[in-house]
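Below sits a lone chain in structure tokens, taken as the form predicted on its own.
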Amino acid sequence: MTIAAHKKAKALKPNSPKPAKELCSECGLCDTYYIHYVKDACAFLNQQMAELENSAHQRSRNLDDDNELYFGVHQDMMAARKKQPIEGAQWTGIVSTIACEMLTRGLVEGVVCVQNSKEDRFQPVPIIATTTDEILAAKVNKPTLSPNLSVLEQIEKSGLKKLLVIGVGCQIQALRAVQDQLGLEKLYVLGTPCVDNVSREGLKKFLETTSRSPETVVHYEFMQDFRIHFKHEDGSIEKVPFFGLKTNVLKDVFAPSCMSCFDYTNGLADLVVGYMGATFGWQWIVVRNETGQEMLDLVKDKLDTQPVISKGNRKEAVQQGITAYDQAVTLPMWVAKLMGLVIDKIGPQGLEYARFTIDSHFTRNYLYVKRNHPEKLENHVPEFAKKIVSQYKLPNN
């Protein structure tokens, strides 16, 4: 019997230098013998979005279609929320509900998701959940780098044949690149949009710099009203305007991998659930293929849905933001609050808000790669991202 090549490989030892060096997103691949494939699989060593889109969805995105240019291959989009929210979920619990339904109906035998350590609510602990209790214990986002793929060896060794993986873009690119080596009969991928993760130390700095009570924050999100919403242990919601962030202090807090990422919308997942393309209070669902539709159909009767909208014009705000971020401009809080109120009333909404945040991050990240890894610029930035960035005037330096 021939032994698979990866089984002869060995995971990196703890604290060893990673192949992607400072651009490593700590996805967990190198913590397994699947490191054998890292040169091809790693999103930061081998950008291959178009090829993997073809593999996952049987076609790559149409760059002449504005929605596909921005949001990737898809066959449907909508806004949704659960009729009966899951208590303690970050939103209404759509992701957790889909995972629980898939497990209880026998579509999958396990779910790769992320719980937190008992000592620290923000310290990610990837697991293969085999009960609904284990899935529900993973609710709420962990805004730190998470080695989700560190469980890949367990998958193969466990004999699981039907699996759901919940993850973010960099993890899913690596997963898609090695999925044929996992011995699975069926793989489902449920993605979330992701941008600007931090190390645990970086998160501590962000919370201490931004929140009135960093030690009591349960979760937070950058919301469509142009404010960061911090939920605290007592249930209170603290709102801090984007424009009031201490950019001069926080500019370097985000992981280099996130500053070099162009897969905000998780283009390789079957189904994506987030918030960025929906109006306030709703979640944004993107069905990329028939597998994604199958997953969504399991919970359709538990959801209220409505069409996505697109209002406003993002262009001027993005262009001004490029300069403000580049120069680390920090506004007085009263000005920031006023700006937030005005933009919330007349600024981009729905899909236009999503384009606003994609434009803002892609232009920033393009400049980061150009300045810090110029040798990677041409091959690392996908064609769709180059087209998006080309709409704006960037600093020459």
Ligand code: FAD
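Numbers for residues come from their place in the sequence shown, where the first is 1. This structure is a prediction, so every number in the text was calculated from the model and none was measured.
Same protein, other form: the form predicted together with ligand FAD, not shown, and the subject of what follows.
With the partner omitted from this view, the residue of K139, R176, R227, H232 that lies near ligand FAD in the predicted complex is K139 [heavy atom within 4.5 Å]. The single contact residue among N289, S211, N116, Q90, judged by any heavy atom lying within 4.5 Å of ligand FAD in the predicted complex, is Q90. With the partner omitted here, the stretch from 307-315, 270-278, 234-242, 181-189 that lies within 4.5 Å of ligand FAD by heavy atoms in the predicted complex is 270-278. With a 4.5 Å cutoff on heavy atoms, P143 counts as touching ligand FAD in the predicted complex. Taking the partner from elsewhere, V195 is found to have a heavy atom lying within 4.5 Å of ligand FAD in the predicted complex. The closest non-hydrogen atom of Y264 lies within 4.5 Å of ligand FAD in the predicted complex. Interface residue remark: G72 is not counted as part of the site for ligand FAD in the predicted complex, having no heavy atom within 4.5 Å. With contact defined as any non-hydrogen atom lying within 4.5 angstroms of ligand FAD in the predicted complex, the contacting residues in 144-183 are T144, S146, N148, I166, G167, V168, Q171, given in sequence order.
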